[in-house]
Ligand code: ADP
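Shown next as structure tokens: one chain only, the form predicted on its own.
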Amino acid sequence: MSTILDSDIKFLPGVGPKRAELLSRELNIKCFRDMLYFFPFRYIDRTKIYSISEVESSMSFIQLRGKITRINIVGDKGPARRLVATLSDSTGVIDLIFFKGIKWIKDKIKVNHEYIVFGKPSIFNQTLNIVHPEIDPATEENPLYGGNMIGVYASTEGLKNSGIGNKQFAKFQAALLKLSIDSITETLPDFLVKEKKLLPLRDSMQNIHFPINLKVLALAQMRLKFEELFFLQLSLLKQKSLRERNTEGFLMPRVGNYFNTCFNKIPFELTGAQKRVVKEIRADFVKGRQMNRLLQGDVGSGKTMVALLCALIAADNGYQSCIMAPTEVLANQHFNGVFKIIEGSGIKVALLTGNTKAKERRAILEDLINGNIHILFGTHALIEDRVQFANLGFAVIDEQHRFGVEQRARLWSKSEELPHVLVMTATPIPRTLAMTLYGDLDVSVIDELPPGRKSIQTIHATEAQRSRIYSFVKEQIKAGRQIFMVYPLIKESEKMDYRNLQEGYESIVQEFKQPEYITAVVHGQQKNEDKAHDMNLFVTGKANILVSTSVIEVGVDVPNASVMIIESAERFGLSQLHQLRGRVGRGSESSYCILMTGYKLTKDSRKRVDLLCSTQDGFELAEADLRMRGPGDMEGTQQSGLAVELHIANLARDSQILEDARQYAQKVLEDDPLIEGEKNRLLREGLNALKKEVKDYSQIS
């Protein structure tokens, strides 16, 4: 049923067709409801009105109320020309100075009229004044009248250049609330509002835009954040519940010879975390329901070994497995890493990539459809139509965020019934983000590194230390170690970055001359065979140094590499720096990560560098990254943001509300799994509305 809130935004007083087009393009505000849910991101306390005698130049923004007693235009044409308006109250006078928009200001303000003035006091010619203050009539129609907490709305250059600033948004919201307040109906059932002691929706909307005071503002924010996160969690948990009830899965109860023979050949003790995750997956294999599990674990934590052991359980039960990686380097690495363990067990493995020769490909495809291959490793080549399994029972995707939903779905279609699915990521995802991106999945975490892995010493350096660093690199090479040198590659400045890499490569070749030193180079503009050749030089130990872009972030395992130098480290995000750092420290030798930056760093860049130098805990860094960058920018998660746009909740700050909302959603579903009951009618309507805007990122099979 349509309401006034569904009206086109052009019909809101003060908007009109031109502004409507701009609001739609810049902020995706198309109707009254969109505007209502466009919330301030912070507030300025304008509840206090100072007397002019209290004003000092050291104060930050202040609010005054008084009459304009005089207006003068001072100075000749040019920068010195200014409008000076004198404001007075019962305690004194102060000058308001305008250098821009003089004609517009002169027409706007009138002598002997009362105004509310807001700005920062300063000293000019030994006299107190306020330069370019906000100035509004002190009338009851003005939303600023009487002094309020004033919301600050996000804006864009396009909007500001068209005269739509914060003050205009306040006017839009005031007009909208006046028109629509009676049309704002409750979206949560009475029992939930009472039980959670939430402010009614109508009061929340009024006070989120024009709060009476700080206490009521906090209640309005709490109500709206809880509702937003509650509906999201209710949707995700309902999907999970339906899938668990309706999707049958292959039964794999047997742990037999394949598993036991290979397990006994592993040359190291599994960590407690690895054993725990294998048990969690084994438990899923015997439930009779299809598994959908996300496995998080830092670089080098042993996720691939867990995947291999579970593939061996599948083989013991007569099922095939596939392990799909995003790059050929990583697929090769996974494939080559299993031979010592499977030798003599009877397990047959194969590798399928874009570079697999036609004759070999034909043989693999034939063996696969005949059931002669137990585990197939590969890249995107696995999803080609020609690739058909006899009985695919377990599918693993490494670095799952690098594959699209459609690509993954094509892999599942190779089995008559949906296989058990394990997606893995080496990018630690903060718990709050995992609960929102992957809230309908089961999540396992490998939170400890294998024994014997040495910690990586992380050092921050600038150009002044370069000669000392090169001397250190030469010492490391002399001791038989290898070196990574990484350059940024950001799409917006790809040509410039490529030039920087080329110049860097040339200067390194000059510093580390042949034949004493061999330098390989890898980047996205090389032909595949050239890239593979240089990468192979480094992996086999024939090259001492690998100069590359962040292409090596995923998948290069060179235990002999002990030093990682990251050029222009300030241009990388925290998670990406941590991923890159994880390429060293994979052997038994002491390892080093050197962050090269410019001398001048922004506050955020300095914070990122300091954090990386202080901890190696990927989850701690991911939490910090979430706080600093926001969920939409989290590297390694969903680059385009969350499954649904959050209007007010913040995953970094509102983790407690998220936990509470999830628990309450679980409680509702326990009582009414399909949300069919009459008392949950509003929840059913809310979920239907949410479905229109949810992007299905978490559905993995």
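Numbering starts at 1 and runs along the sequence shown. Predicted model only: the values in this text are computed from it and were never measured.
Not on display, but discussed next: the form predicted in complex with ligand ADP.
Original post:
Has each of Gln274, Pro450 and Asp557 got a heavy atom lying within 4.5 angstroms of ligand ADP in the predicted complex?
Top reply: Contact check passed for all of Gln274, Pro450 and Asp557.
Subject >> Stretch from 296-304, 173-181, 80-88, 512-520 whose residues place a heavy atom within 4.5 Å of ligand ADP in the predicted complex >> reply: This holds for exactly one stretch, 296-304.
Original post:
Just one of His374, Arg586, Lys238, Arg223 has a heavy atom within 4.5 Å of ligand ADP in the predicted complex. Which one?
Top reply: Only one option qualifies, and that one is Arg586.
Original post:
Of the residues Trp104, Phe339, Phe268, Tyr599, which one places a heavy atom within 4.5 Å of ligand ADP in the predicted complex?
Top reply: Residue within 4.5 Å of the partner: Phe268.
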